[in-house]
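One chain follows as structure tokens, the form predicted on its own.
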């Protein structure tokens, strides 16, 4: 097994390993690489839903897909795996999130215990577009201006649960009229990683968030400044997908986004996630 850094701040490619054969893996070394680099890339993998679930479960307990995003196909066989796809079969979309842009976000930060990690396998990819970018919120916090850091320390951010990362309203929700009363949950704006002890920004996503204890105009202005900082390319790495790629990221430390792609092309991804804990 070889480990090669892919960007200055984050990410490592793991080569000479077949992750479908979990019995042959040095799991301790892989977990340490994941904690060190935040994002791991494995190329040239063959993963059924069952194989993806078995590999993911080596790092923690799996949790089922959110009810509003679950793709349903017979071959899932009850596995806690779902499809991220724009493909339509027999008049029905087989997965979620379509072909549009997914804004910078942390997976499911709107629940009490957001997932620890997400694992994504590329079954089919479009000729272009659909790239996924990751940004390191530890580096973002480390390089935050003193005045911004002073304004955010000790604050909590309310994370809205009504929309997806592509901006669609989830089933059962109406549009948000006032971010201060949006459905969801609040978490510390700066969280401590439970395994490494390192601290990072924890903002979730920009849409419909609110910094508690501020008036609305103050919250909006501060969030705009924070997100402008977080989008700094110095913290980021963009992955151009190939079929057979598996990417695993630390959801406690990373935000990520997806480029749009031609909706007439096909993109089929299988995804799992690990059960998390409450940010502190």
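Everything numeric in this text was worked out from a predicted model, so none of it was measured. Residue numbers count along the first chain shown, from 1.
FYI, the form predicted together with a small molecule isn't displayed, but the following is about it.
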Contact check for 84, 97 and 105 against the small molecule in the predicted bound form, heavy atom at 4.5 Å: yes
Position in contact with the small molecule when the complex is considered in the predicted bound form, options 34, 42, 59, 241, heavy atoms within 4.5 Å: 241
statement: Exactly one of 161, 79, 186, 132 comes within 4.5 Å of the small molecule in the predicted bound form through a heavy atom, and that residue is 132
message: To test your reading of this chain, name the stretch in 105 to 113, 178 to 186, 197 to 205, 139 to 147 whose heavy atoms come within 4.5 Å of the small molecule in the predicted bound form.
response: 105 to 113
- prompt: Are any of the heavy atoms in residue 120 no more than 4.5 Å from a heavy atom of the small molecule in the predicted bound form?
  reply: yes
- request: Find out whether any non-hydrogen atom of residue 249 is located within 4.5 angstroms of the small molecule in the predicted bound form, and reply yes or no.
  value: yes
